[in-house]
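Here's a solo chain for you in structure tokens, the form predicted alone.
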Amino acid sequence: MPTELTLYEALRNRLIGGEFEAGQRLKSETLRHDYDVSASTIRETLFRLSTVGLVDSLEQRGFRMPEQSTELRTDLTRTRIMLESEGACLSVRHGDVAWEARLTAAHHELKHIESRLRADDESQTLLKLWADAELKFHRTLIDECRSNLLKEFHLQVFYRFRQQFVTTDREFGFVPENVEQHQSILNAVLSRDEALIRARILEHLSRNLQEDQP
């Protein structure tokens, strides 16, 4: 039987991993069998996830996945750009060589997986590895900003961002430009050029600001 923390993390990972459709009802009686816990435990966990925007709580009617929303995706993208840009620039000011080494190592892992995603016919099986490595790179990017609140808010936005886009685009992880763009962000950080860092992060995320096509 999972602990409260591992149950929360397991459900969160499913909610942001594309397993459920946008707007899909999340039935406690069904989910409880996946974890051998009570329906009330599932409901409590879903309620916690609703407080960070990953689940919609329907008064007296249970829970569902958030609907797709162009407005929300745009807002999440703009907010993520602001948080990552500021966090990365603050990390450049405060981070040392050890931080640069951690970021370089995180990028090396991500680049290897992204290259496999492009080349492997069974790339869907690598999606979980990619998701973990990409999150690790972007979290390490802002890790030395010296603001726990910024990092906590960034993580919350990051999860909601991923949830919105993975339910919109089933090939969300398979963007060829990602390899070059992540490299360009790393290069800008290592050069400690704050203006370039902001430009590279904007370049990386701005494609997600496009309006839905009719």
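All figures in this text were calculated on a predicted structure; none of them were measured in a lab. So that there is no doubt, residue numbering starts at 1 and follows the sequence shown.
We do not show the form predicted together with the DNA, though everything after this point is about it.
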So if I measure heavy atom distances to the DNA in the model of the complex, which of the stretches 28-36, 150-158, 183-191, 66-74 falls within 4.5 Å? 28-36
Since only the chain is shown here, I'm wondering whether Gly62 would be in contact with the DNA in the model of the complex (any heavy atom pair within 4.5 Å). yes
Check whether Arg43 has any heavy atom within 4.5 Å of a heavy atom of the DNA in the model of the complex, and answer yes or no. yes
